[in-house]
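What follows is one chain in structure tokens, specifically the form predicted on its own.
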Amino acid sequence: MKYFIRTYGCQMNHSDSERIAGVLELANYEKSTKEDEADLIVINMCSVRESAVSRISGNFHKYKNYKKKNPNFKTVITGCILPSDKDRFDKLFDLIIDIKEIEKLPERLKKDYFKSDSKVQNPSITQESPAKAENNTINDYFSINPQHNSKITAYVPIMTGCNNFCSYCVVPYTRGREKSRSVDEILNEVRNLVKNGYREIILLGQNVNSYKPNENTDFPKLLQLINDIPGDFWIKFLTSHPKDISEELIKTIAQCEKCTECIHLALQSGDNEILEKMNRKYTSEHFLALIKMIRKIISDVAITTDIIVGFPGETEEQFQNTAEIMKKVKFDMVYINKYSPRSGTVSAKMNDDVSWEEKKKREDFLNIILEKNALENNQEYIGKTIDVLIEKIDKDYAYGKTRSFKNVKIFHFCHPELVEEISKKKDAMKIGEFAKIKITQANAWGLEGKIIE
């Protein structure tokens, strides 16, 4: 039996898909590279945005055609799914399963199960207290061995869930409250990854700053413990909430040589009234003070962010406050999202009074600022020699990323500029290794350079 996984959403969803693959391959399923050749399609979705939900609904006609050609064909949907979206997909998919129970997927896929009712509760669930059952389920999820899509970069979830309840966000309703993974389990997974040649470890959580499995350990302490693991690798993490960023954390990042100089800190809005309506629990002044502290403590840091345009009630003046903060901070990258209401959230009850055309206009306006700032930031790299993790090599170029998470295109073997140096540099770059690269050019979305070592 062959499987194919289609993933929508953030890095946590992609990490989930690697664990789904691990569960299926342990049950002797084989990965298919083509969707139309699979016996099982698993959709790992995200209810955070309506656009993803609409794409899944729009593509379902394909699956009906697959089922006509293959009588054994089955469809499964999992991920961050709102109850309203579960109702929407109930008649489309053969099985809906909670991502926290994904280790039970092979059991649910048994033929006898589909002959009954695929929407009933799993009969194997014991009559435990809800809190104990939830903890056991989360622990089972964390213990799954993932099938990583990369041989260089590995996602390592350290927690799941969120307690913040931002007014526009579905995560607390789809993932539940915050649950931290045990320190020993995280350290064992990272040690094994480093032993197997992984060079980039990305720690994941809806809010990694909140990581606290016990009274003696918090996120800065975890970073120190991972940094002490022997090996040549980088540590990156996603995502951080501004209300939980501490000076201790920033100093820890600066002191840990394996922690990369890249911090993702979601702004969402630069207007205090909108931030309050979003229930973000900080002000624009607090955010700017954090940026100042980060840049003072961590040299050459790259800062990325998320912004929502067109939140209910956002006036032109309030939007311009966001634009002004973008100009001040000069983010290296901004992920701009046009607001769309999601059922069950507080903001869904607000009047969505900013037109889609206006949201698009505001998105375009911010993208112009972003491109200008990103170009200026990247031009600072020209002439510098920096470490680059090589991710891909073709006949003309090598491609990699910097510690600050910037993409680099590297001239090599067949490029005229390096013809005379082919013999001595041909073996200098290998996928999964670090190389010293001198940056020669920059654009808004990446760098170019040549190997010097």
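Bear in mind that the values here come from a model prediction, so they are computed numbers and not experimental data. Numbers for residues come from their place in the sequence shown, where the first is 1.
Separately, the form predicted in complex with a small molecule exists; it is not shown, and the next lines address it.
Here the chain stands by itself, but in the predicted bound form one stretch of 382 to 390, 403 to 411, 22 to 30, 48 to 56, 48 to 56, has heavy atoms within 4.5 Å of the small molecule. Among Lys74, Arg181, Arg362, Arg280, the residue placing a heavy atom within 4.5 Å of the small molecule in the predicted bound form is Arg280. This chain is drawn without the small molecule; in the predicted bound form, the residue among Ile250, Leu366, Leu225, Cys169 with a heavy atom within 4.5 Å of it is Cys169.
Using a 4.5 angstroms heavy atom cutoff to the small molecule in the predicted bound form, none of Glu376, Thr440 and Asn443 count as contacting.
Using a 4.5 Å cutoff between non-hydrogen atoms, Tyr339 counts as a contact of the small molecule in the predicted bound form. At least one heavy atom of Ile308 is located within 4.5 Å of the small molecule in the predicted bound form. Taking non-hydrogen atoms only, Thr239 approaches the small molecule to within 4.5 angstroms in the predicted bound form. Under a 4.5 angstroms non-hydrogen atom cutoff, the small molecule in the predicted bound form has Ala266 among its neighbouring residues.
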